[in-house]
Structures are given as C-alpha cells and as structure tokens.
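Only one chain is included here, represented as structure tokens and corresponding to the form predicted on its own.
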Amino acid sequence: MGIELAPQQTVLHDMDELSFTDSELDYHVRNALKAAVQGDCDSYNQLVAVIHHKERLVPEEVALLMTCLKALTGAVSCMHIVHHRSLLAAIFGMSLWNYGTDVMDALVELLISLAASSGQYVDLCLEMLVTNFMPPSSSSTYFIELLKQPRGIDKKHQVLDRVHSTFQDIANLVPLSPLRLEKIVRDRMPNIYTKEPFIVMYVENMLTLESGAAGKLVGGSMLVAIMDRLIDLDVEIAWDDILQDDFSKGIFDMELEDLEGFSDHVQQDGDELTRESLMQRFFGGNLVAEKLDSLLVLTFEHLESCSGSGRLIQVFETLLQSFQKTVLTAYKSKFAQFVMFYACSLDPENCGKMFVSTLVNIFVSGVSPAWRMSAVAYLASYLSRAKFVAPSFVAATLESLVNWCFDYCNKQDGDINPRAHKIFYSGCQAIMYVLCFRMRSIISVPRLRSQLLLMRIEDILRHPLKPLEVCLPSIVEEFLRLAKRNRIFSVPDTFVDYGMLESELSRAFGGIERLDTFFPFDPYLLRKSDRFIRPNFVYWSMVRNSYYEDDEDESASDEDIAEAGISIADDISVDEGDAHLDEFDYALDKMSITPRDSSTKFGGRIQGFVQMPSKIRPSTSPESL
C-alpha cells in the first residue's frame, strides 16, 4: 500500500507492564512521535511494536493496543508520512478481522482522523479498508471454515458494517474520496483464481457500495467491473474440458431443456440422468463455474433489490452500456449475458423494450458487421426465449427486421454470396428462428396473424440472394415445416440441405466466430442461479409439445388450438387481455415434457426432420447435437 516497515528491528519492551493513565499515555505517544523526528526512536519503536504485534493477544495487550490507537487518534497532527513510515505501515497492515469490536472501533476512528488530517493519507486509509472486504489471506483456511458458522457470520457483519460506515465518514470529511475509492476497488478486485468465498465477499461489498450513499459516484463503475469479471469467469468455462470432447452420445442428442424437473429422466447407457445430475456432470467440481454461479446469484438478488427500491432502470442503463462494450462481442460467453435477461424480466415494459430497441438500432445502423450480427443474434434469442415478452411486441419487432431485410433485397441484384451479404443472412435467420418459437403465439391472435401475413417475408425468402439456402439448414427446415403446417407462407416442399445441422454456406456467412450459430440465450446450466431464470424462460419443449397436441388432431383449427389453452401466445402475453401468466403455468402443467416417441428429436420426427439447434453453438455446446 505504498508504506513498508522500516528495516530497523522493532523490539517490544515491557511497555504493557508500565502503568499509564490515558492522559499520560497520550503525552507519552506524542513525545515518542516528536522524538522519532529528532532521531530518538526508543519510545517510538516500543509504540510500533505494540501496533505491529500480531500474535494472539491477552486481555491486557488488547487494552494497551486499544489505548495506543486512541492516543494516536489524538496525535495525528504529530505524525509524518516519512519519519513515521514504520508506524503507518503497522497501522495500515492491521486487519479488522483479527480483533474484537473495541479494537475495531479504535482503529477506524484513527483511520478517519488520518484521512481528515492530510490528503496524503486518504488513499492509504481507503486501501486499508478495501483490503478488509475479505479476511486476511494468511488465515484464509481458518476464515473459510469460520464463515460457515454463526459466529463467523457475526464477525463478517461486524467488520463490513464498520468498513462501509467508515467510507461514509471519510466521504463526509473528504468529499472527493469516493472517486479515489472507485479506482482502488477496481484495481484490487480479485482475479478469477481467488477462492470462491473471498471473491463472492468482495463482489458483495462492491454491490453494497453501488446501492449505498456513494452509489451516485461509484455505482456505475462497480457494475461495469462486476460484469467484466463475470465475463472473465464465463469464457474460462470450456465445453471441451467439461464434456471431454464427446459430443455425440446419448443425452447430448436430446435437448437439455427437455429435462424440465428433477423427476424427468432420460436414458444413457442404462443410467438415469435428471437435469440436476446432468448439471452436476457438467459443472461438478468445476471451480470457475461454481464461482460464476455464486456471483450470478448475488447479481440477480441485487437486481431484485434495485427493482424493489425503484432503481432498476438507472442500474439497467449502466448494464446496457457495459453490455455494448464487452458482452455483445464476447462470443464464448454462455451465462453472463443472463444478467440482461433477468433485469428485463423484472421490468419488461422499460428495461425489456430498452434492450430490444438498442439491439435493433445496432443491427440496423451499426458500423461493425460483427457487432450487427451479434446484436441480431441476441435479439432473436431474447424474443424467442423471454416468456415475459408479449406476442404483439414480438410481432412489431419482427416487422422491423423484415422491413430492413426487404429494403436490403430491393437494393441488391446479385446472387448468393454468404460473405458479402452476411448481415442480411443473419437478419433472415433471426426472423426464421424467432418464428420457430413464436409463430403459434402470433397467429393465435387474429390481429397479429394479419400483421404477420402482411410482412414481406415470402418476398425476402424467394429473392435471388436465396436465404433459405444460406441460413442454418436446421433452422430453415423447422421454419418451413411450421409455415406449411400453419398455412402461413407458400413454402417449397423440399430443401436442398435436408438433414443437416449446418452447411458450408452457413459457415461462410458466420465467419470465424461462427455467428451463424450464435443465439446466446439458450437453456441455463448453472444450478444455484437457475431458479432466477427458469420461471421466465421459454423452453423448446413448451413450443414442441403444442405441436404434439396438434399432431393428435391435425384437423384442429387455430381457433380450436387457442380455445384448448395450448397456444403459448395467450399465456405469455403481457399486454393482450386474453389470458394471464397463471393460466399459462396451468396449461404448461398439463403438458408432457417427455417426448412421446423416443425416436423424436428436437424439431420433429427423426425420420423427417433434423434437430433444431436450440443450443446455438453446436461446436462448443452439447445441447444442439
């Protein structure tokens, strides 16, 4: 922290055996400080030894330490940052975690006095307090076990309450100190290899700062730093390491999302696996995933708190800026982006629409092709997976995408060229992907059905640029099947790349980052934080089961389907007055989430259709294989 103990040996004389009154000790301390400046360090070294003494203290030593700290508080005007550097190093090297509340109180009072006495002490005091966000690393094993016990939790509250109240006390005396604190907190943030309890505790303190009195000055910086660390952890989780390069057996041929509850079982080599055991197989013992999971729980809980206090929109604006700078192009991120998803679920009308508007604007008018393709992938995945988004809003957003693609077609005379027209193809694929999930919900509302029919989707699909031949065959096949089943568009009966998950053309427009297979809001696999996402998430099984119901009565009209309560649109709509979320939950309860035919794969019968890639990065994740 900028100050180290002087090289001279500090010897603890029997200072604790001397009898001083408080006033006499104050006088003794002042004289010791003044004498040290003149070169007489005997009494000064005794004082340094008392402060620096770190072994277990007996009650008399605790009393002496506390009295010396109080005496120093009254003598800060006599302290010099050069002549008393060994004393300052001893003070700033103390940890609140090692002492009782009496010593804690005396120490923070000294810090407040030092910060107020001279600007050269402010950073040192703030750094010392930030260091106390976590227990001392020298005793990490002891404190990890202690924090599992009630007395450890009490100790944590005793320390952290004093840390944050002292921040405020210093800010009251030094108004610009929060700006210095911001940089210190960011610079000292633990790396991804820090033990889970400690990095979680540090982030917990950052969130406390964000929501506290200094939040207006430092809150945005705290949120951005947390999002950056979430991304750092996320990209460290490698599917290859978790799955041991085996992407083709048993359970990975099925949708993970089909394992809706712990009681739903699937077979793999004679063993029954639940969703819980599947998550355990992926992430059991994966320390990075466990840290990320715990930090996301903290973040989601903080967003809930912000929503309850009316601060969510303000916080979301900061998160949205961070998203555009870091998350949007972090293509290996699998879970950190769900911070945006969950924030939108708490306030679809404001945060959700703000998120969609930002993504649409980036896609339509962005500069970087990679950013534009990533934005439309996020947009498609969000509209498809967010249960809380109304069908009317999905339809309106789709219309914006269709209009852009149609205008693009009108300006083009050429033939297929995946690389030259990759932004266009990414837009077309987004339209088809969303309709795979949302077609039924849109057409079940007459007004929205009419709106969909008026869109120039057929003109786009039949353009010489031939998006049906370039976009992912698995998405195209599912889209064409649903369009034909619901008699929405005039579609070809066959498809050139039938039976393929991807093609050379799709890989060409996807580029090295494989943006053709990037739909980021896919089923969530972190166990502890899953409870925040699951109630707000549209799983393919919810959509697919309505198709199975339709298979049982192919003569059923759209009106019959809607009346039967099978349509997702009626149930997940936020602003259509047709139904409520409770009805949706009831309808889902009646749906079977287990395939009626074990040969059925995602997207249709195995003999007729390929599996739809709901996990959109088949080269790096198991769900789409």
Partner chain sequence: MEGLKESEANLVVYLHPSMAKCVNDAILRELSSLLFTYSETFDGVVLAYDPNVRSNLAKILPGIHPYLGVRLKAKLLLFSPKPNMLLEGEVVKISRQSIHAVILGFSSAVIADEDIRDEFKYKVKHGKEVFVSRHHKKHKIKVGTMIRFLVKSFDEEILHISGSLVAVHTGCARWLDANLEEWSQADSTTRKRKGRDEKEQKTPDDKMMANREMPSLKKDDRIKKLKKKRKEHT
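Residue numbers count along the first chain shown, from 1. Quick caveat, the model's predicted, so the values are computed rather than measured.
There is another form of this protein, the form predicted in complex with the partner chain, and it is not shown here; the text below is about that form.
The partner chain in the predicted bound form comes within 4.5 Å of a heavy atom belonging to Arg180. For the chain shown alone, Val543 is not a contact residue for the partner chain in the predicted bound form, no non-hydrogen atom being within 4.5 angstroms. For Ser305, no non-hydrogen atom is located within 4.5 Å of the partner chain in the predicted bound form, even though that partner is not displayed. Contact annotation for Val297: none of its heavy atoms lies within 4.5 Å of the partner chain in the predicted bound form.
Every residue in the set Ala116, Gln120 and Leu173 has a non-hydrogen atom no more than 4.5 Å from the partner chain in the predicted bound form. Residue-level contacts in the predicted bound form: of Ser77, Ser450, Ser138, Asn410, one residue has a heavy atom within 4.5 Å of the partner chain, and it is Ser77. When you look in the predicted bound form, the only residue of Val200, Val185, Ile112, Ile533 with a non-hydrogen atom within 4.5 Å of the partner chain is Ile112. Residues with any non-hydrogen atom within 4.5 angstroms of the partner chain in the predicted bound form fall in just one of 165-173, 189-197, 523-531, 424-432: 165-173.
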